[in-house]
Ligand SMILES: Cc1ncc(COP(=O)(O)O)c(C=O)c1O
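Here you get one chain, nothing else, as structure tokens; it is the form predicted alone.
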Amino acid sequence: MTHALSDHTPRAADRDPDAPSAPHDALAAAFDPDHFRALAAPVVDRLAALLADARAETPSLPVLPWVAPGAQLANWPLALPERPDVARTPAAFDAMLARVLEGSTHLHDPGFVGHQVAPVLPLAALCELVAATLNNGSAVYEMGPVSTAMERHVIRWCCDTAGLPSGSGGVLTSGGTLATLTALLAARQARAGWDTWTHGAHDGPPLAILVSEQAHYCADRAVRIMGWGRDGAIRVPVDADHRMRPDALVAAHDEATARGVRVIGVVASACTTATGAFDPLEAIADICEARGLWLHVDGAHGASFLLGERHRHRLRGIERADSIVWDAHKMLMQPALVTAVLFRDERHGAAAFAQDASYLLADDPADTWWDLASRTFECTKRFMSLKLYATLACYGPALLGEYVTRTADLATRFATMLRDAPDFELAVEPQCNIVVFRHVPRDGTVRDDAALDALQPRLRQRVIEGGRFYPVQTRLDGRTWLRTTLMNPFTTDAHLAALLDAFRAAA
């Protein structure tokens, strides 16, 4: 039997002062199932309308409703009621939701060509609601029995897809930066030559890793967190395609060793953030194997191209990695954040966090693979496996393969469009779905590099304020370029032609 919300609010005179204490009346009403239905039904309707609007020929909402930061802050004052009014909450929440949807960045709009964040599969978004409602953490098995089992199978699928051998494993964690730190902690413990977890990072020679000049900043951040300082990440030059040069890698290792630095490993990019370049993993793996170096592959964005028939060749050699980072919230269309950190030898993941916490963890993590807190920074770890497990179980990898192939093929066609345009310059041939370019006005009014550098951000801001497209920018070889990451499977050649026209109009 259901009850009206008002039934949960007895008059003070009706209460028995000697009765056992009960939940606050408003608190009980806030958890009422009918109240939840009243809150939730408009949410689904509004989100479905948002998806429909994004697929319209001309969406009614701008992809980024640009408002200056200060004005946006003023738009959202937090007014605190003196007491809860649960009966009026559904209407108030629906009005708030309408404003949230109108004012947010719309990643499902084909005009979103900016950052490496996916338009989320609706199925995966619903899984977020389920996971948040259950709120089952994944630190120890008894707190998240289903999430632990799902995570184990999802990690096995990731390892198998990457070609890692039996005995490999890993965990899901909150983002590529945290995953990279986790992997490098394991590398430090395995290759430093002493027990760094127990005795610290300075019980021997200075430690370092080798990274590409184009590597994501999270590798540098990780070594600084580990106490190695700015010299802990030694930068290796790249070639004309912005891929790490194997000959330069060897030279950098030799030079560091001659200085008394113990290099423990290499971070290879697959792919880089700035241009989408894939480092030559096979050649790097050969060097690491010959020199006893840990090979970590930053596949946060590019590992998903293992699922694309025409593009997986760029990842040859990833199966030889000691550790891999793979973001599902990029090219697997999952809500942020969910990242797999994979180890060729699963025991290395546990060795990175040899912690004494008898109230929670077993003495030997190998005895309790199901207690995941022994392998991650996080103790209260979200139920993040559900969304990826459901995507794989309901749609299969083929849907994801179609997505990565479609977006990469679109980037190839966009590059052709840019090469054919006399007023645009392509920085480098795209290797995935990232395209870097700049506008060069045909009238000759802007000629030198400094003027072109200054022009690109101004054009980008005007295009963003126009509301139809959201591109970003980057620095490459000391120059400023425009950058697109084609994340939306419904972005077409016509949209990209209109994007170039928008830049021309802004100029």
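For every residue, the number given is its place in the sequence shown, counted from 1. Since this is a predicted model, take the numbers as computed values, not measurements.
From this point on, the text means the form predicted in complex with the ligand, which you will not see here.
Q: Is there a heavy atom of H348 lying 4.5 Å or less from a heavy atom of the ligand in the model of the complex?
A: Taking the distances in the model of the complex, the answer for H348 is no, it never comes within 4.5 Å of the ligand.
Q: Within a 4.5 Å heavy atom cut-off, is G176 in contact with the ligand in the model of the complex?
A: Output for G176 is yes: heavy atoms within 4.5 Å of the ligand.
Q: Taking 4.5 angstroms as the cut-off for heavy atoms, does K330 touch the ligand in the model of the complex?
A: Contact with the ligand, yes.
Q: Taking 4.5 angstroms as the cut-off for heavy atoms, does L426 touch the ligand in the model of the complex?
A: Contact with the ligand, no.
Q: Of these, L172, I209, V113, A300, which has a heavy atom no more than 4.5 Å from the ligand in the model of the complex?
A: Here the answer is residue option A300.
Q: Which residue among T273, T196, T161, T407 has a heavy atom within 4.5 angstroms of the ligand in the model of the complex?
A: Looking at the other structure, the residue within range turns out to be T273.
Q: Heavy atoms within 4.5 Å of the ligand in the model of the complex: which stretch in 129-137, 210-218, 386-394, 85-93 meets that?
A: Stretch 210-218 is the one.
Q: Check each residue of 31-47 against the ligand in the model of the complex and list those with a heavy atom within 4.5 Å, in sequence order.
A: Counting only heavy atoms within 4.5 Å of the ligand in the model of the complex, no residue of 31-47 makes contact.
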